[in-house]
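Before any questions on how it binds or moves, here is one chain, the form predicted alone, in structure tokens.
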């Protein structure tokens, strides 16, 4: 460890200790806290929880890294992720709350009256959690490696141990409490160093989100770097496909949908989402500025790295930018604490979602309906450890950049969970045969490129691994409609419940 890392390490340690103490004070006492049935924390609190739940390593570190590498093209992540919340607000937030089920597999299982659909949905939710967690573990590993001046593998093992310990100790209620505290840290830690960087570089620092526009012009005028050139990294189809996939994936992610189960009514569900969108926008608006300042600092120092080296450090370029800009160590420590908490608590939410799918959706609902709260709690904690071990094994050799790994989870959610929810809410004729066929088709589409792309190159062009939902999601919806129409309708009780309880009254 170097002296330059000591102060950031102390600040990160203090921040994590604060979160752990807060979590212990709100420690989970029921199995429900290992799902998403915790206490109501208010509209603004719920919005802060949504935003902090969303602000993962992909948002805090990965987005800046992709913008640094790909410029304009990476804005697809900003637009897709933000637009997904608008889609969720308009199409599903209120209806999900009215349906009142415990987890995403709970919704699928009860709406389609099918244990098989519940099991497939649970397996998909667990897979999404594992993929998404892999990206977060990579961010944690890089941060721990930087803080302790050690290699990546040691860093990811240390970070994973701390994150899993917290989840087991505090459960979902502790996470939800901390998410309000966490968002405060996130917004301060992300914006304050950015303002300092803008001031040191001579740009409008009061709102650096505006000031970095001049820096883009300086990059082009002084060094011939056109950072705002559209589609310089890929074509229009790839950009639209990525943007659409991230959008529908956001609306189908289990740990995002789960936030609506902890609010008391539909009005609070929608207002929590509106507040969440506002809080998310504050940070997303700032990420491109870090990427532009990084390019400018490198160009002015004459030390622009070659493409391979730039790709290796892109996921931590936000921290590197603060270091290159000569910010004081305490300010770099605050930035690192924000990045660490973003990755740390997203891992917590995802592991709890995966554990809930195992303990509640599979074990309790399908295997042992008489299971006690204690046995469900013990199984959930064990599931957290097992899932974390699987994620750690994958994260030791990460398959891509943080945001790229995350995008695969979005593609899977967009091709499976999103169509199941969309038709499940808005088309009462959708039945269990249709949703099972649709979800299995969605899984096949999502992984078609690694499975068949080598044999049939056209598959990789039509269904890119990170962007397959542009064509995949409509195909899955079509499969669900055709299969549902060719098979018997769902039970009358389900159709009546949709008409009377989900769409038939205002609250």
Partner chain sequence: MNDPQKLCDVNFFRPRKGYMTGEVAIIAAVLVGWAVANFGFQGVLALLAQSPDGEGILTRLTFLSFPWHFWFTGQFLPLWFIILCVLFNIYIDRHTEQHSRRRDRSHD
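It should be emphasised that the depicted structure is a prediction, and the values quoted were computed from it without experimental measurement. Positions refer to the first chain, counted from 1.
Separately, the form predicted in complex with the partner chain exists; it is not shown, and the next lines address it.
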Query raised in the report: Any chance all of 238, 368 and 461 sit within 4.5 Å of the partner chain in the model of the complex, going by non-hydrogen atoms?
Result: no
Requested in this report: Answer yes if any heavy atom of residue 311 is within 4.5 Å of a heavy atom of the partner chain in the model of the complex; otherwise answer no.
Outcome: no
Query raised in the report: Is residue 145 one of the residues lying within 4.5 Å of the partner chain in the model of the complex, judged by heavy atom distances?
Result: no
Requested in this report: Classify residue 390 as contacting or not contacting the partner chain in the model of the complex by the rule of any non-hydrogen atom within 4.5 angstroms, answering yes or no.
Outcome: no
Query raised in the report: Should residue 17 be classed as touching the partner chain in the model of the complex when contacts are defined as heavy atoms within 4.5 Å?
Result: no
Query raised in the report: Which residue, 267, 199, 153, 300, has a heavy atom that falls within 4.5 Å of the partner chain in the model of the complex?
Result: 267
Report task. Could you tell me which one of 100, 305, 326, 230 places a heavy atom within 4.5 Å of the partner chain in the model of the complex? Result -> 230
Query - Region of this chain that lies against the partner chain in the model of the complex, out of 278-286, 376-384, 401-409, 158-166 [heavy atom, 4.5 Å] - result: 278-286
**Report entry** in the model of the complex, residues of 61-79 near the partner chain [heavy atom within 4.5 Å]
**Finding:** 72, 75, 78, 79
